[in-house]
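In the C-alpha cells that follow, the same protein chain appears in two forms, which are kept apart as structure 1 and structure 2.
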Structure 1
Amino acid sequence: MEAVLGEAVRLLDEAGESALTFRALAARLGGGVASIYWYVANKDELLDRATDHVLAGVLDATEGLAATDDPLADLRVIAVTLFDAIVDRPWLGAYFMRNTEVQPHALRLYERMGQQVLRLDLGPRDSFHAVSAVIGYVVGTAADLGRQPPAEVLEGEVDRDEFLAQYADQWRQLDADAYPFLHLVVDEFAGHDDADQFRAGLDLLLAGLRLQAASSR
C-alpha cells in the first residue's frame, strides 16, 4: 500500500499527471494492472490517498516552524509551505480535502492552520471563513500557477521567459486606450515570479485578516 502510493507520487512528480496510468504504475511496481485495485477502489481514491501521502510530508515540514508570537506569521509559513508542495503538483489541488476519510493528514493540516486563527479570538463563523479563504487562495493559486504551458515542457530552462515574452507581446499589440491596465502591468507580467505573486496576494489576505482581528477586540 505504502509502496503503491510512493511509486504513484514518484511517477506524478517525474512526469506529470498524464503519466500516472494504472499500466505505468503496475510496470513500475513490477506487478499486474489489476493488482492495484486490491489497494484502491478506483483512480480517484488512488489520487485521494496520494494527496494525503504528499500532505504528510507538508505536515512534517511545518512541524518545527510556526512557533512565533504572531499567529498570522505562523499561518503564513504554513500557507507558503503548502503552496510550494502544490505548485509542483497541480493535480493535488483537485483532491485536497476531497475525501478526508482517507486523508487524515489533510485534516491535521487544516487543524494546524485553524489553530493559528484560533489565537486571533474571532468567533466560530469568522474563524471558519478565514481558514477557508486562506486555503482556497493557496490551493487555487497553486493549482493555477502550477499548470505548465504545453510548449515549455519539451524544451529546457530559459523557455519560460520566452513564453512570457511571447504573451506580453500579444498584450502590447492591443489598443492602449482600450486596455490601459494591460499596458501598465505588461512589463510586470513579463518578468514576474510565480512565488512572489503568490506571496503578495497572501499578504493582502492576511492583512485583511489582521485588520478584522484588531477591530473585533
Structure 2
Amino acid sequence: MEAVLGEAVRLLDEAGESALTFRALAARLGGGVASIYWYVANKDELLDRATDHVLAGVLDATEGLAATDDPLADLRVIAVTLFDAIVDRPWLGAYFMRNTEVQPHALRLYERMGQQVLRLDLGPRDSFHAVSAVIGYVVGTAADLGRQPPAEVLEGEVDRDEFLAQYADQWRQLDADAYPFLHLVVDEFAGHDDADQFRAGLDLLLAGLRLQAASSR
C-alpha cells in the first residue's frame, strides 16, 4: 500500500488529478491495472488515501513541537504547517477530510488542532466553529495560492511582479471617489507576498479567537 500511495502522490504532484489513472499508476509500479484493486476500490478511495498519506507528513512535522503556554501560538504552528503542505500540492486541499473513514491522519490532525482550542475553555459550539474557521481559511487560501499561475506568467511573458503591476495600474486609473478602498491598498497589493498575506490573515483570525476566549471567562 505504501508503494502504491507514494507513486500516486508523485503522479498527482507532477500533473494533477487528471494524470492519476489506474493504468498510469500500474505502469509506474510495473504491474497490471488489476493489481491496484487489491488496495483500493476506485479512484475516489485512491485520492482520499493519497491525501492521507501526505497528511501523515504534516502530523510528523508537528508531532515533536513542544507545547507552549499559548494554545493559539501552538495552533498557528500547526495551521502554517498544513498551509505549506497544501501550497506545495494544490490537489491536496480538495480531498482534505473528505472521507475520514479512510483518512485517519486527517482526523488526527483535526483532533490535534482541536486540542489547542480545548485549552481556551470555550463551549462545544464555539470550539467547533473555531477549528472549522481556521481549517477553512488555511485550506481555502492554500488551494487558491497553489493554483497554476496565469498563462502569461507560466509562459514567461511577464513575471509575477509585472503581472500584479498591470492590475495595480488599472486600479490607480479608477475614480478614487468610487473606489476609495482600492486606492488605499493598491501599493500594498502591487508588492504583496502571498505567504505574508496568509500569515497576516491567520493572525487576525486568531486574534479574534483570543478575544472571544477572553470574553467567555
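In this text, the rigid core denotes the largest set of C-alpha atoms whose superposition between the two forms falls within 1.5 Å. These numbers come from a predicted model, not from an experiment. The first residue in the sequence of structure 1 is number 1, and each one after it adds one.
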Checklist entry - Which structure would you label as the form predicted alone, 1 or 2? => result 2
Item to check | After fitting the core, L59 CA displacement of 2 Å or more between the two structures | outcome: no
Next on the checklist: Please determine whether the C-alpha atom of A200 is displaced by 2 Å or more between the two structures following superposition on the rigid core.
Outcome noted: no
Next on the checklist: Given a superposition on the rigid core, I'd like a yes or no on whether L29 shifts its C-alpha by 2 Å or more between the two structures.
Outcome noted: no
